[in-house]
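Below you'll find only one chain, the form predicted on its own, shown as structure tokens.
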């Protein structure tokens, strides 16, 4: 979904640039509460993972291809605010060093694949956690579904931006159908990759997955009274 230079008009590109800058500024302040000695190194690893997987395209349909966007998995692993910073760095490096997405469209790409996928992914993930059983086994399932949902939502945000300031001569209905249809398929791939990646980390270091912390905290609260009762101390 990397938007090239000139696909949106100047006012729309400037507006998305401002939104991206504000979002990154807020994330810089909020991420201080998410990062510590454990999560800071993981944030770098997540950025490297998202960058590497975005460079690998997989075929979708009709000659098109897709790649991981990474917002949802970044949010689940290191938190939403740090996830915004991680994805923003990835998109900036891609635009400046690899010409993947336009430089004038960098703000647009950060809004679409960074802010949108992180926000939607995290909200869906936390919503599912509220209704699913509080076990570690459901964490990668919720993460995979959240990643799947975040992708077509981001494509709809792009359609909205195109409706406001698109410069190409493409009917809005045609663009909407093509974008949503293709990104539903891309979302399936993103969901599977996210499910497998989060599940793999949970299997060896569940404490490194920020989205699993509520489950681990609930486990701790359940174990403490049991230990206290076993030693004869009132629970």
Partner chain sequence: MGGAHGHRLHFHGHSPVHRAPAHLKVVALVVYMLGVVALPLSWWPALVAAALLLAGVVASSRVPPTYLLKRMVVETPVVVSAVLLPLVAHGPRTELLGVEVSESGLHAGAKLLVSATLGVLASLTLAATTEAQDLLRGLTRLRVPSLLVQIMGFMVRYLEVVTDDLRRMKVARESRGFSARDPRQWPVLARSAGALFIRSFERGERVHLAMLSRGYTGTLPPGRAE
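Rigid core: the largest C-alpha set superposing within 1.5 Å between the two forms. Residue numbers count along the first chain shown, from 1. Please read these numbers as outputs of a predicted model, since none were measured by experiment.
Missing here is the form predicted together with the partner chain; even so, the following discussion is about that form.
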*Looking at 156, 93, 132, 123, which is the one with a non-hydrogen atom within 4.5 Å of the partner chain in the predicted bound form?*
93
*asked:* Taking the partner chain as it sits in the predicted bound form, is residue 99 near enough to touch it, meaning that at least one heavy atom pair lies within 4.5 angstroms?
replied: yes
*Proximity of residue 89 to the partner chain in the predicted bound form, heavy atoms at 4.5 Å*: yes
*asked:* Check residue 215 for me: does it contact the partner chain in the predicted bound form (non-hydrogen atoms, 4.5 angstroms)?
replied: no
*Should residue 115 be classed as touching the partner chain in the predicted bound form when contacts are defined as heavy atoms within 4.5 Å?*
no
_Using a 4.5 Å cut-off on any heavy atom, which residues of 12-46 would contact the partner chain in the predicted bound form?_
14, 24, 28, 32, 37, 38, 39, 40, 41, 42, 43, 44, 45, 46
*Superpose on the rigid core, then tell me if the C-alpha of residue 170 is displaced by 2 angstroms or more between this form and the one not shown.*
yes
*asked:* What direction does the residue 37-residue 25 Cα distance move in the predicted bound form compared with the shown chain, closer or farther, given a change of 3 Å or more?
replied: closer
*Report the direction of the Cα distance change between residue 38 and residue 30 in the predicted bound form, compared with the displayed form, as closer or farther; the change is 3 Å or more.*
closer
